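We've got the same protein chain twice here, in two forms, each standing alone as structure tokens: structure 1 and structure 2.
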Structure 1
């Protein structure tokens, strides 16, 4: 029987699942698009992973992360529910123990994490703008009618630099259209976009931060070689893209789950076949006070398993009570 841990990272753009064995080797990884349906994505991801795994694999623990971490935890029963900043930091430390800087660019947000002597020292996340993130690139790729997977390799072919404004997605887009109409090469424009995104990232998140090597680049966008090269050019440093760069959050969740299970000696994980359960959500507006919270009720196979969304705890605390009674 092979003993393994499961990490699930439910992000806005992708849902990632990682299976890690007890010696911390990665057994399998999965990257699927969330497409605005996190519940379905988690179900599909788990089913897919189950069908790929050997029959004799036993899951000892589960960690969840990403913006949908609470949801995934309620669905599957997690041992650890961790924010993505800590999860990414833990995973990067595993790959490069002396890492000092982590550049993480995902679909909806981007982060910079600074580490010193193996602990997270400082971090920043983009605030109100998505200009420096994957969805911006996605949209531009669509506009140019190029599959996003080829975006990076095309950028590498560029010979003449074309400067594109990077401050804001709207500016960048109109600047790009203008450069297209001037007749610039497609690869030069794509390269310009990559550099614009990197400049934007460094101006927003890197401002005032001491970016020291070794630098790791991870998250969905790290698959884009054009961006990697732009970072290397501007920072004048080597950028390391780890083997499993696109699923680092899930790896961090695995490591944390292993740690937690070793402490508690048991797991909350409901088993791989939980993916076959029927999940449904109902919501209502609580009218008990002027806050008018939107309360979400979560059902697993018609059984109410959790409520959330209220400020005062009158609904979410009920769940805890009923659980205690059952026990």
Structure 2
């Protein structure tokens, strides 16, 4: 049997699944859109990965990360549940052991992680302004009627710099329209949008931070060559884009799962066939105190398996079912 580990990163825009063998080689990766349905995305992702794996593959452990990490953990039976900062940091260190700065830009949020001597030293996240995220480029690509996949290559063709206001997504869009009306060509405008996103990122997340090389660029937006070049131009540093830059969170979850299972000698993973189960969510308002917490109940095949959402632990601290009963 081929011993492997599974990493699942559930985000607001994408859900990523990675299979890693016991020698920490990547066996397979999957990047799919969450589309506002994290439960369905996790199920679809697991089914797809199972169909692509050889029959002799045995999953020894599972790690989850991302904004939907707790949900995925309850669904699949995770051995380790970690936030995105930790997962991305672990994965980056695996690729570039002496990495000092991680730039991560996703569809709905972005983050910067500073490491010193292999330890996370500082970080910042941007979840407020869209101008520093991938959704900003998606919006402008739609307005320009250009596939987002072509944005990077078109930006590289730019010959004349066009500065577009990047402090706010709304102002940036207005400024882009103004530049179009002045007659600037498409490539220069697209390059200006890439540089506007980078300036927004550095002004919001990088302000006052010591951004040192080696610098790794991760997340879905790292595939955009125009953004990479804009970072290199403004920072005057080489930017490294790893081979699996779009699924680094899931890779980190794999590495963390392997470490956890090596300590415990067992796994909580419920198996790949758990994707065939039916999952549903219900909620109620607890009236035990003035907090009036909304308690979420999670069901697997009509059986209650977990609760969360309360502040005092009255409901979530009660272990609903054991893994043995679920199996």
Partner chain sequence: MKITFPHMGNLYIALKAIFEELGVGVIPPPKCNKRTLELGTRYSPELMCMPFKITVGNYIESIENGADTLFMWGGCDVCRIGFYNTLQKDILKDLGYDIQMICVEPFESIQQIKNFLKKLKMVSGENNYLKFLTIFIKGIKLLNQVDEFEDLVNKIRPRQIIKGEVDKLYTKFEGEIKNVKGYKETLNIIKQNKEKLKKIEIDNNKDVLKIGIVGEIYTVVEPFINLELIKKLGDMGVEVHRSVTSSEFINEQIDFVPFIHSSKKEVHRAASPYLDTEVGGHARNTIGNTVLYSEKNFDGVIHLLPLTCMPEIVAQSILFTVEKEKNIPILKLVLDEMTGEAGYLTRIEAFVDLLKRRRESIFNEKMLSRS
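Positions refer to the first chain, counted from 1. Under this definition, the rigid core comprises the largest set of C-alpha atoms superposing within 1.5 Å between the forms. Owing to the predicted nature of the structure, the values given are computational and were not obtained by experimental measurement.
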| item | value |
| --- | --- |
| Answer for which single form is the form predicted together with the partner chain | 1 |
| Core-aligned Cα shift of residue 284 between structure 1 and structure 2, given in Å | 2.6 |
